[in-house]
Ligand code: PMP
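Just the one chain here, laid out as structure tokens, in the form predicted alone.
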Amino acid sequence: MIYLDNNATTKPFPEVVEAMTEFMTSRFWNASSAYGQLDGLEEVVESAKAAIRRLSGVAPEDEVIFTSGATESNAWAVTEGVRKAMGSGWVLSSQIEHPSVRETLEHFQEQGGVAVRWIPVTRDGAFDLGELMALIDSNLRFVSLVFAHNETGVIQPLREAAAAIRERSPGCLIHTDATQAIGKIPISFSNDLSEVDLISFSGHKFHGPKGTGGLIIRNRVLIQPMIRGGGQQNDLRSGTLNVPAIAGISVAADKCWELLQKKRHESVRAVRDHFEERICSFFTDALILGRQAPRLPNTSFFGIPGTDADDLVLALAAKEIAVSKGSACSAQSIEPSKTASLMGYNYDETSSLIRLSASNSTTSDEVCLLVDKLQELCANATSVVWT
């Protein structure tokens, strides 16, 4: 199988599996137990927090709370933001947020607990910074804006937005879902995004284990616990720590940081760009969304007008090439990408869109084979169902 769906999930590094195996077999203790403490499990957790801080470029005093993943972290951040906004303020987000942000906000909005305003998206796939600037006022209490979009890979103008928000509403809580960015590109929240208070991440997006991620709490912000009970993680997220997963995410973070220092992401970008050049040379009317905008180096959201993405994705899977129609969270939906529609693409265009998302190990030969198979499928009208 040629795996080109790394924005959905990534294959754990072998070192991650090895580290987790140790803590699932010979060091399986409860981290809160006396023998767990004697075995140094607390140090394992603290080392993992340090690895996450380094990978995301936050300060040593910024808190890392481990969760089950970015969906939980997003829900926690949004719930806290809504709590702060109730009664005396409002909430701002964009139309292209991950469902775990958007649907949670919609739930609170429908319950009548808070007013939410939604920033539109431009043709390039970024939230409209001008519209955002026009909306900000001193009553804004919470903002949640994605760092990089999971389908298009477009990196959002978060730095400019956060600076403007902080200037006009100093007490506003600012959250970003950085799930698709952390581990894929060099990031320094301390240098470039110092105004961001809460950061969500997920380990399985950067070659760590599934079911673990976290919320980074910055700028000495005080938030309410998401899960109460045992008092773990400074009373902010109770529950027995998943030490095997935490050990795994620690190794993944360290290895991704090393690869970023070696500028491996630029090699990934070269592979992605080679794919796009090749696809456009064979299909002159090919669509590549967000191509003129800053993007994640591994992502290409492309379409061949006149084809149906669902049928192509299935046909490619039969030929052992894994790509997707877009977000893994909406893979069962028969509707085309909502984000592409918001960007101004019509139904036929959005119905043709496929997402390629490479990894550090993806080769030019693999993406060239994808183009070759697409040519074969499109040359054979019986292989796909046309729109």
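Each residue number is its position in the shown sequence, starting from 1. As the structure is a computational prediction, the values presented were derived from the model and not from experiment.
If you look for the form predicted together with this ligand, you will not find it shown, but the lines that follow are about it.
With a 4.5 Å cutoff on heavy atoms, residue 156 does not count as touching this ligand in the predicted complex; it lies far away. Taking non-hydrogen atoms only, residue 52 never approaches this ligand to within 4.5 angstroms in the predicted complex.
In the predicted complex, no heavy atom of residue 358 sits within 4.5 Å of this ligand. At a distance threshold of 4.5 angstroms between non-hydrogen atoms, residue 197 is out of contact with this ligand in the predicted complex. Of the candidate stretches 166-174, 134-142, 313-321, 96-104, only 96-104 has residues whose heavy atoms lie within 4.5 Å of this ligand in the predicted complex. Using a 4.5 Å heavy atom cutoff, 71, 150 and 179 all lie near this ligand in the predicted complex. With the partner omitted here, the residue from 204, 218, 237, 278 that has a non-hydrogen atom within 4.5 angstroms of this ligand in the predicted complex is 204.
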